[in-house]
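The chain below stands alone and is given as structure tokens, in the form predicted on its own.
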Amino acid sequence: MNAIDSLIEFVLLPLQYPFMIRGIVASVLVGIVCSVIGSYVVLRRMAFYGDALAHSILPGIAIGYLVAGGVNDALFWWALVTGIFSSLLIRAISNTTKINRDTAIGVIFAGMFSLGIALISTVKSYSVDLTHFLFGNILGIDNSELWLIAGFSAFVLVVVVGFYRELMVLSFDSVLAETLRLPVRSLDIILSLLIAVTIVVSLQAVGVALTVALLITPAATAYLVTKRLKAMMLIGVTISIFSGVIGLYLSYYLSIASGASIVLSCTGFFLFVWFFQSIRRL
């Protein structure tokens, strides 16, 4: 067997399993939506917000598990409701008190995450059944979950296309957005809700603990290369897709956690670009 045949076998062998094909499709969908929304997150310096929101959906996962007995579709919907609620609660606190947004994020993040842990601790088999939602189980995605991911990813992308110019102005210069009389508060709410939906969409792929990495790292890598929003989104999407595919192949051949493998691939791209740019400056 020559090198070409070995390479073909290396590529095709994992694809004989339907769960690998579903995993690759899911990683591509999640990578696209995370990179697009992540570009706004990086530009607006909302990484802490994304991290807090990812952990704030834990009570929804726990409640969904207790109510539906571990049915994945139910967990998705409960996580979505909790994510949207946490997002709106953070805004309400920061807008109606003297507390700034970072402080409100910290309060809600700590409270919701602790509530999630408290609820999870009531489940006798939580260490086994909920581990997938903490660290991801992209290879366990079934067709119904794949359709949910595809539907909500399409919804997020349609909203982004509809408000692209307004969100771009808001992300680069909020003062200019107010000067142009754009509905800054409404746009801010829309972006916050889109982040919440995106985090829930990526939940099954990489889990609560690693979601923020998938949201931030590809966009941050693209930001090292370009400051143009469209180019940033395109580069981020490309990195996410390659990271998803490479991560799943590494997971298959090295028998490591798929979510962690995908995130490590993203991190590898970031470090490579950063190192290459550092060498060029020198």
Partner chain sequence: MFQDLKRLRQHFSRSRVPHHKDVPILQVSNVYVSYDSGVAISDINFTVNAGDSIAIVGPNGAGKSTLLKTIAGIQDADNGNVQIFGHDPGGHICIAYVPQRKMIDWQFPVDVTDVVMMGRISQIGLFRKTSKLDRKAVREALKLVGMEQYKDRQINELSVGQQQRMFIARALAQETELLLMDEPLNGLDASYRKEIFDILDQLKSMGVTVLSSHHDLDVVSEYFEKVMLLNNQIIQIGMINEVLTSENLSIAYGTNVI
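These numbers were taken from a predicted model, which means no experiment stands behind them. Positions refer to the first chain, counted from 1.
There is also a form predicted together with its partner chain; it is not shown, and the following applies to it.
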Please determine whether residue 252 contacts its partner chain in the model of the complex, using a 4.5 Å cut-off between heavy atoms. no
According to a 4.5 angstroms non-hydrogen atom cut-off, is residue 171 in contact with its partner chain in the model of the complex? yes
So, in the model of the complex, is residue 151 in contact with its partner chain at a 4.5 angstroms heavy atom limit? no
Residue 189: heavy atom within 4.5 Å of its partner chain in the model of the complex? yes
Heavy atom within 4.5 Å of its partner chain in the model of the complex - the one residue of 47, 229, 257, 32 that qualifies: 229
What is the one choice in 216, 241, 234, 43 with a heavy atom within 4.5 Å of its partner chain in the model of the complex? 43
Partner contact check in the model of the complex: of 160 to 168, 196 to 204, 80 to 88, 140 to 148, the stretch with a heavy atom within 4.5 Å of its partner chain is 160 to 168
For 169 to 188: residues with a non-hydrogen atom within 4.5 angstroms of its partner chain in the model of the complex? 169, 171, 172, 173, 175, 176, 178, 179, 180, 181, 182, 183, 184, 185, 186
